[in-house]
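Next up: a single chain in structure tokens, the form predicted alone.
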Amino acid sequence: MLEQVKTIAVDGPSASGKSSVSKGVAAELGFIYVDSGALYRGVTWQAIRKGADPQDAKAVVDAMHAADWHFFVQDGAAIFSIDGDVPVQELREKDVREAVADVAVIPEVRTFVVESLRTLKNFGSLVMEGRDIGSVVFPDSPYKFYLDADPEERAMRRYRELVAAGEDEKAHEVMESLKKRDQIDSTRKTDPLVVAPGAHKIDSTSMTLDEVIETIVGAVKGNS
């Protein structure tokens, strides 16, 4: 029965469409949407505002552990506060985007994030997007998907997002940034970006958002 599904894992590289797809799937199924990347950005944001160098692992970890983290559900999504503040737009600022890859490779940070994400099951059924949800966070989930798209298409998607948000980064700069993030994600020693065993791989390059959402929802309902 679909009611027994607890976690749908949606993994993939940057700008592969995970966020829009996961939100759509969660809305379609009535599940809670979780952006695991927001938590890594939250750790990064906290480190920066506390004056820690994002490349100084000890300083980042100290700032992370010294903070008071609280998780809750709002408007169908699991979000968090840090020392009483709820960062939203702050997590998308350029300084955080550029530093999060360095923070995300820190083993202690990954352990903290993975453990925190697993506790979110207490809120109910989840659609969780990230880079290691199916391979590390919930490897036993029978509903694992890996979204991908051509690098050029992913770069243009991210570029359009940035332009819409008022950023003026050039397309080639976005491409270089994505390449760097892909390289870091796929080669890090702790929980590298991989296609989880048993995951359904979806190439969304030439697919519409609705088509990808329908593919996942159909697969979940078909296996329930």
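Just so you know, these numbers come straight off a predicted model, no measurement behind them. In this text, residue numbers run from 1 along the sequence as written.
FYI, the form predicted together with a small molecule isn't displayed, but the following is about it.
Although the small molecule is absent from this view, report whether R49 comes within 4.5 Å of it in the predicted bound form, heavy atoms only. Close contact is absent here: in the predicted bound form, R49 is far from the small molecule, nothing within 4.5 Å, heavy atoms only.
Might A77 be said to contact the small molecule in the predicted bound form, defining contact as any heavy atom within 4.5 Å? No, A77 stays farther than 4.5 Å from the small molecule in the predicted bound form.
Indicate whether the small molecule has at least one heavy atom within 4.5 Å of a heavy atom of D62 in the predicted bound form. Answer no; every heavy atom of D62 is more than 4.5 Å from the small molecule in the predicted bound form.
Check E167 for me: does it contact the small molecule in the predicted bound form (non-hydrogen atoms, 4.5 angstroms)? No, E167 is distant from the partner.
Contact segment among 82-90, 103-111, 118-126, 69-77, judged by heavy atoms lying within 4.5 Å of the small molecule in the predicted bound form: Stretch 103-111 is the one.
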